[in-house]
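Below sits a lone chain in structure tokens, taken as the form predicted on its own.
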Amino acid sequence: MTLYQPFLDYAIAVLQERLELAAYPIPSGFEQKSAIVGKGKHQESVLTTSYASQSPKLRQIRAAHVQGGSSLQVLNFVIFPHLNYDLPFFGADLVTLPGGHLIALDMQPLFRDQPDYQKKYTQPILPIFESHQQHLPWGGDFPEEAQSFFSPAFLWTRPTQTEIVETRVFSAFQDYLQAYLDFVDRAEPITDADTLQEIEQAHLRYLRYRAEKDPARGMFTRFYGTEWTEEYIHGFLFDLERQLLVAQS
């Protein structure tokens, strides 16, 4: 059992219980990929597996799970709503490297500077954030250019003990995901043309930023090469632009 497998197992079970799920196509060659890294005594096998599904309100629910033994464990789990809902994105970046754990959990707002939007989607989860932040203190600086994509309930922490990840972080992940699915339950489709345009632009802005700045790019390139990595990022992890082009053709 790897560190983040229970997180993924929990997420899939909850999604199956609460949503009407359908498969989301994973492009051929990306279901799983392995590599041998390091030399001699430090040699490790690394396995990257992908999960994807969708539901009537959620365009893509997807995970990239990297298992590299004691030195590397990563789970990137993201939910992208359909473009006719104003739902935020759900994002969990759970990273364990030799130097420690890096944990980021959030419901990333489409419109961070709109008070009504924050009242609808951030204020209800602030109590959850506050209850967990007392055990998972702020992880310090992160890029200024990224700050506009996060909510005031952004849980960013660097626990030093694996036990904290297995208990406190897992509990926060569960609470954030359940709260997000509560928002999904209540979400009503948007019909106003101007708002729909704003939503699409917000999605594209976020995905372009994430695809360009993906912190896993270097790691994946080292393991699997540039061609595989760029196609994985643009053709699966952040595939909206590709999907829109297909829809328009």
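None of the values given here were measured: they were computed from a predicted structure. In this text, residue numbers run from 1 along the sequence as written.
There is also a form predicted together with a small molecule; it is not shown, and the following applies to it.
Give a yes or no on whether each residue among 108, 143 and 237 has a heavy atom within 4.5 Å of the small molecule in the predicted complex.
The answer is yes: all three residues contact the partner (heavy atom, 4.5 Å cut-off).
Tell me, which of 219, 199, 52, 181 has a heavy atom within 4.5 angstroms of the small molecule in the predicted complex?
It is 219 that has a heavy atom within 4.5 Å of the partner.
Let me know the one among 83, 95, 125, 177 whose heavy atoms come within 4.5 Å of the small molecule in the predicted complex, would you?
That would be 95.
Within 4.5 Å, heavy atoms only: does residue 64 come near the small molecule in the predicted complex?
Taking the distances in the predicted complex, the answer for residue 64 is yes, it comes within 4.5 Å of the small molecule.
Residue 76 versus the small molecule, in the predicted complex: is there a non-hydrogen atom within 4.5 Å?
Residue 76 belongs to the contact set for the small molecule.
Determine whether any heavy atom of residue 104 comes within 4.5 Å of a heavy atom of the small molecule in the predicted complex, and answer yes or no.
So residue 104 counts as contacting the small molecule.
How about residue 210 - does it come within 4.5 Å of the small molecule in the predicted complex, if we only consider non-hydrogen atoms?
Yes - in the predicted complex, heavy atoms of residue 210 and the small molecule come within 4.5 Å of each other.
Only one of these stretches, 186 to 194, 53 to 61, 37 to 45, 201 to 209, has heavy atoms within 4.5 Å of the small molecule in the predicted complex; which one is it?
Within 4.5 Å of the partner lies stretch 201 to 209.
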